[in-house]
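Shown here is one chain on its own, the form predicted alone, set out as structure tokens.
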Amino acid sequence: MTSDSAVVLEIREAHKSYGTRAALNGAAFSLRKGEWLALLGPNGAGKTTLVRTIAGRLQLDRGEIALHGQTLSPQDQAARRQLGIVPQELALYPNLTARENLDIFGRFHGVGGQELKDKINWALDWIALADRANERIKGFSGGMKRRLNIAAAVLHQPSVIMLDEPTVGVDPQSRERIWQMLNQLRAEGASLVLTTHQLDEAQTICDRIVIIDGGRTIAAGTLEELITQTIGPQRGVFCKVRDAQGAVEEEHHAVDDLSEALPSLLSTLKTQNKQLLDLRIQAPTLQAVFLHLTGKELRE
């Protein structure tokens, strides 16, 4: 994905109110071809409403949603076949088998005949459940159900995929498998929007980040761009030291250049007759940016 990649999804000045409460108040962002975008915000920021309007489940009061350059209305379900929506809640039939679930969701998305059979076989291999294809899924683990949930949403091979907390409640091994699956989709040309409470995942995985609060977009860019625009690129240096009287304390220093600051810091400690017990360096994080911009923890 490059900075001049074509825009495949664009939200323009989205407004939506429930009575007197504005859930969306001008939110806007764009998604580029082959990009992985994190959509973040505290609870009540408008993320769920925004995803529902993109999916066509809600209608905006004002604003536009464009998919591949085509402005969408809630009635444009044919155009929305280019969308894959992976909900946080498992949208599966527990008393049906994995294969039967994929068959039903494939038909929901307009896939049938031999094409559907081929795609079901592809999906079962992709999510590593081919050997469990004919078992009722109510006995599956949480990670297996999550993988099947994703496969059901993308069986029709959409070009734009919306993912709402796709790894919630799964073990680390299943989480890693899910990220591998999604990276494969992106390598094959899909563009992805991720909403998550796991800021470390968003920081590691996503190309760009959009933060909304109060129904508005308050920041957008790469992590480096957001750091530069907000908290700055300084590193935190935390030193645990023991003084000449044996008292232990932690000192905190903010530095621009580690190569210059560390020798000077160590020299100062020696001059002060302090023994360095431990040293920790912390780079600027998405968590710090988020707190700076919203004043809230993401789970609030």
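We number the residues from 1 along the sequence you see. Fair warning: this is a prediction, and the values are worked out from it, not measured in the lab.
What follows is about the form predicted together with adenosine-5'-triphosphate, which we do not show.
> Would Arg21 count as a contact of adenosine-5'-triphosphate in the predicted bound form, using a 4.5 angstroms cut-off between non-hydrogen atoms?
Yes, Arg21 sits close enough to adenosine-5'-triphosphate in the predicted bound form that at least one of its heavy atoms falls within 4.5 Å.
> Hey, in the predicted bound form, does Gly44 get a heavy atom within 4.5 angstroms of adenosine-5'-triphosphate?
Yes.
> Please determine whether Ser174 contacts adenosine-5'-triphosphate in the predicted bound form, using a 4.5 Å cut-off between heavy atoms.
Ser174: no contact with adenosine-5'-triphosphate in the predicted bound form.
> Just checking whether Ser30 would be counted as a contact of adenosine-5'-triphosphate in the predicted bound form - the rule being heavy atoms within 4.5 angstroms.
It does not: once adenosine-5'-triphosphate is placed as it appears in the predicted bound form, Ser30 has no heavy atom within 4.5 Å of it.
> Only one of His197, Lys138, Arg107, Lys117 comes within 4.5 Å of adenosine-5'-triphosphate in the predicted bound form by heavy atoms, so just point that one out.
Going through each option in turn, the one that passes is His197.
> Please tell me which of Gln82, Gln203, Gln88, Thr97 lies within 4.5 Å of adenosine-5'-triphosphate in the predicted bound form, judged by heavy atoms.
Looking at Gln82, Gln203, Gln88, Thr97 one by one, just Gln88 meets the 4.5 Å heavy-atom criterion.
> Name the stretch, out of 61-69, 246-254, 46-54, 271-279, where some heavy atom lies within 4.5 Å of adenosine-5'-triphosphate in the predicted bound form.
Heavy-atom contact with the partner occurs in 46-54.
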